[in-house]
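Single chain ahead, written as structure tokens, the form predicted on its own.
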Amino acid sequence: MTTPSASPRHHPIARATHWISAIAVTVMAMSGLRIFNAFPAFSPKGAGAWPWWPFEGMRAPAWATFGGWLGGARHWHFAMMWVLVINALVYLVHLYHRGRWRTIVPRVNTWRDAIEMARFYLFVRKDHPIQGKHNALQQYAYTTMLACGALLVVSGLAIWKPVTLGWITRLLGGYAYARWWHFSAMLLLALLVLVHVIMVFTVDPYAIRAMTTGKYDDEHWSPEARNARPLFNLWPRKDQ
């Protein structure tokens, strides 16, 4: 049995903000779908079908919604919005203060590393590319998640205060477009989160322990040490 490193892989602030974000994003997405169901279309009334949404007029299924009714969903949505914004600010300050942003933000040439990771996952390359704490594909995914979060906040403000913050609404193309940007950013974020969860369970399940207790054995558990790709080499690396 391998022994986790004494030093935590993730700082307590990173772990706390990660799980708070997971809860807040889930509640916001589900309550947002309940709000969307009150008017499940993006085109203004009488303007015809919205060209960039093939399911215009279709409501989200009830099991995917939260809040019970429109007013309840709005209360939950706005409450979680403040939780998520404050949580994100704490996380970003932590990233900057600790210099951890360097492990997440892609460099100029990171695209080459991303191609190598994709080749490895597709069995074109045999050995796991050398990586740091996060591989190149993770860096692009995590950075895109942060960008989606920023777009969700901005578009949410444009929808919430279309008169007071009318300049934001106009910047996004108007109220209807602001709703579409908001919805699209939520869908992209949900897709990235789904891929993230699948990759954790099929490539690096030890990351769950690292994100909960902070403990992680890089020498035996890391995907690089195990030469792990989805559903391959899940067990810890054995000492020679």
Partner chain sequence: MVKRILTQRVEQAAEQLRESGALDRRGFMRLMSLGVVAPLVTACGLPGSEGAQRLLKSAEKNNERLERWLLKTANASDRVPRGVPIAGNAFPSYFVSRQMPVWDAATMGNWTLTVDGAVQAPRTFTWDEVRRLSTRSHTVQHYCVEGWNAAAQFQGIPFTQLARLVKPTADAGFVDFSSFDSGYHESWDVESTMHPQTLVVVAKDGQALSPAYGAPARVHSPIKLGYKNTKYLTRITFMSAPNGGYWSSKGYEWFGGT
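Positions refer to the first chain, counted from 1. Keep in mind it's a predicted model, so treat the numbers as computed, not measured.
What follows is about the form predicted in complex with its partner chain, which we do not show.
Comment: its partner chain is not present in this chain, but in the model of the complex one of Pro61, Pro44, Gly57, Pro51 has a heavy atom within 4.5 Å of it, namely Pro44.
Contact with its partner chain in the model of the complex, judged by any heavy atom within 4.5 Å, is made by just one of Val105, Ala79, Ala141, Val85: Ala79.
Not displayed here, its partner chain is approached by Thr164 to within 4.5 Å at the level of heavy atoms in the model of the complex. At a distance threshold of 4.5 angstroms between non-hydrogen atoms, His196 is out of contact with its partner chain in the model of the complex. Taking non-hydrogen atoms only, His182 never approaches its partner chain to within 4.5 angstroms in the model of the complex. Although the partner is absent here, Trp160 is a contact residue: one of its heavy atoms lies within 4.5 angstroms of its partner chain in the model of the complex.
The candidate stretches are 132 to 140, 93 to 101, 107 to 115, 71 to 79, and the one lying within 4.5 Å of its partner chain in the model of the complex by heavy atoms is 71 to 79. In sequence order, Phe201, Pro205, Tyr206, Ile208, Arg209, Thr212 are the residues of 189 to 214 having a heavy atom within 4.5 Å of its partner chain in the model of the complex; the partner itself is omitted from this view.
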